[in-house]
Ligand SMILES: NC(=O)c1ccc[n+]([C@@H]2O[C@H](COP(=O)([O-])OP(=O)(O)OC[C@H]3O[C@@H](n4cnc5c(N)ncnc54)[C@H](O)[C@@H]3O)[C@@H](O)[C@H]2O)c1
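What follows is a single chain, given as structure tokens, in the form predicted on its own.
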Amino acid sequence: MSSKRLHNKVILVFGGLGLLGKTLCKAIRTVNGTPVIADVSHDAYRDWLAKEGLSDTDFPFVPADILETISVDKALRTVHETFGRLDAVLNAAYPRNKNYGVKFLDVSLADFNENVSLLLGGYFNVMQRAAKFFLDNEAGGNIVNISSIYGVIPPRFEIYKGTSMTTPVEYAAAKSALQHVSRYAAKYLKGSNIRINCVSPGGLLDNQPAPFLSAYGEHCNSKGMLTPDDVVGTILFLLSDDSAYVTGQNIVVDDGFTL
């Protein structure tokens, strides 16, 4: 991969302090891009910099809540005013309520509605506001959304046997809808020099129990559960000019899990 792949590009990463977001921001720096972390907690940002020994100059921060239109608009403007440009927006946030994660028959209608609104509504808000920002500035733009393999296929419930884990129904609903809304927006904006794509990662290692990891791996080609490093290359491709004519697509990175 060229060390200049994102040369001079400024990329606003919503959810930049998440599991995938932090790895991606570091990767953007390695290919000469400028990642700007957009997240809700400035304290968490400071803690991360201190823990990793990183500089706020290399990893600048803007406070942003993807559920608030004014907050997203302000983040977009701040980045453009600070750097004189904004080339791409990455949607990697993962908002959910305190009851998120219960099994299908135990999900209340109120929690279903709230979590779908958080997961899908937040992404819609960022997509819409970023598209408007790019249109107003007449410079084109690039939006990449993080979806999921469980927006492509239904969950393999058997791999959760013997664990307390599940795939929340709200997650499947939101991530599948996100792919279609992304295609909708990409087509709506056709001819504007704004492109929108999704990446659907497989499961990412995050201290899951061994029985689950073993069952998951039986559906994969060689590795099984992935690390964030396994996914960022595809995201960098979509953020770069190497994918200048790719729009309205969903790229699956899952070591064959969905086959």
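Since the structure is predicted, the reported quantities are computational estimates derived from the model, not experimental observations. Start at 1 with the first residue shown and count on from there.
Same protein, other form: the form predicted in complex with the ligand, not shown, and the subject of what follows.
Note on the partner interface in the predicted bound form: the residue among L204, L49, C220, A215 having a heavy atom within 4.5 angstroms of the ligand is L204. In the predicted bound form, at least one heavy atom of I146 sits within 4.5 Å of a heavy atom of the ligand. The closest non-hydrogen atom of A93 lies within 4.5 Å of the ligand in the predicted bound form. The closest heavy atom approach of V246 to the ligand in the predicted bound form falls outside 4.5 Å. In the predicted bound form, the ligand lies within 4.5 Å of some heavy atom of K175. From the list 186-194, 53-61, 39-47, 26-34, the contact stretch for the ligand in the predicted bound form under a 4.5 Å heavy atom rule is 39-47. For the partner-free chain shown, A64, D65, I66, L67 of 57-71 come within 4.5 angstroms of the ligand in the predicted bound form, judged by any non-hydrogen atom.
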